[in-house]
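Shown next as structure tokens: one chain only, the form predicted alone.
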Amino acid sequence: MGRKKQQNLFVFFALAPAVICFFAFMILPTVRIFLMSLFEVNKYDAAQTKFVGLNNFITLFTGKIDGTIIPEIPLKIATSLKNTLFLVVIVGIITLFIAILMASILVRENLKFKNLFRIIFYIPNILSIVVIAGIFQAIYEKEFGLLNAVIGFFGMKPVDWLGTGSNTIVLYSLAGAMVWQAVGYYMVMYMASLSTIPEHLYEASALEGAGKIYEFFHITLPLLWGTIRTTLTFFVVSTINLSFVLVTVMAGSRSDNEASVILFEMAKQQSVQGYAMAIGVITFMFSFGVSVVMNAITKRETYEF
């Protein structure tokens, strides 16, 4: 057997497990969701499952069920999509900015206990998202929560951070938990990229009299841009998934109105699987669309060194 054929064979066997797992656990379930969204599924009796075409999607967008229009259905879907988009955009901007800033400081600045800070900032990422939700539920609790205890010390009235009546407060409360959980993960990724930037670029910049802020926006940020664009896609998918757990645990029954997200709406329809899969298709298209838009907005010339 020739050397070239041996190399090809090695590459094939090295990649085959990953390709098989990707096809079995990603491609096939995705295709199945699209197919199930076209059926009215009876989970207790498969024989009663019937093809309904786009009826599930018509119900989603118009609220029409058996000739009767229920306006609450499209309204809830629209609200959940709006809340999900809010979390993706707001949490994304805050998280990535803090992560880049922290990574730049820990890599570029001569600080004591650098490794300790790295460990502390990364700890939230190794905690279960359910544990994080429980921690922040205790922090935001109206009567005995830590946050209200702090603001009460300064003579301010307690705030119902997870209560009804204010969509903005509930979503920002959820956003705070999501930022705290994600910052350390993206900080580590940016630190790895920052460590590859040649030191002589900063030395030359310092000789020219440039300050730290100028270096950050004209050296660090441009050379980090490729990594930023990659992490944006990761962030969209992870935010949509994590928002479901946080909303379920922290907001509870309030998830039906102020804090509803798209995956929560899908989970509520477990007894109507075809309709739930239609929401799953919408979620897939939504995440794909947001990722494409973000990548188009952030597209720019790549700098090399």
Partner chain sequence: MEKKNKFYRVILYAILIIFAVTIVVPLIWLTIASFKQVHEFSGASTWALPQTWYFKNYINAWVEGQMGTYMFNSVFVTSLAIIFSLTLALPAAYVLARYEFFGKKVIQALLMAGLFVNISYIVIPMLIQVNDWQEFLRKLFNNEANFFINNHIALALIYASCSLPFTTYLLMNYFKTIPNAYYEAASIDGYGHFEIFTKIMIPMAKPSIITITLFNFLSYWNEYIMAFTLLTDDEKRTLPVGLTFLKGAERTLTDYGKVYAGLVLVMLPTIIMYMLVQKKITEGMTLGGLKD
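Keep in mind that what you see is a predicted model, and the values were worked out from it rather than measured. Numbering follows the first chain given and starts at 1.
Keep in mind the form predicted together with the partner chain is missing from the figure; the text below concerns it.
- Though the partner chain is absent from this view, in the predicted bound form it lies within 4.5 Å of a heavy atom of just one residue from 106, 219, 228, 90, which is 106.
- Checked against the partner chain in the predicted bound form, the candidates 111, 204, 156, 78 yield a single residue with a heavy atom inside 4.5 Å, and that residue is 111.
- Proximity of 124, 183 and 287 to the partner chain in the predicted bound form is complete: all three residues have a non-hydrogen atom within 4.5 angstroms.
- Shown alone, this chain has one stretch from 219-227, 133-141, 196-204, 69-77 that lies within 4.5 Å of the partner chain in the predicted bound form by heavy atoms: 133-141.
- Taking the partner from the other structure, the partner chain in the predicted bound form has a heavy atom within 4.5 Å of a heavy atom of residue 32.
- The closest heavy atom approach of residue 273 to the partner chain in the predicted bound form falls within 4.5 Å.
- In the predicted bound form, no heavy atom of residue 82 sits within 4.5 Å of the partner chain.
- When contacts are judged by a 4.5 Å heavy atom cut-off, residue 117 counts as touching the partner chain in the predicted bound form.
- In the predicted bound form, the residues of 9-41 lying within 4.5 Å of the partner chain by at least one heavy atom are, in order, 10, 11, 14, 15, 17, 18, 19, 21, 22, 24, 25, 26, 27, 28, 29, 30, 32, 33.
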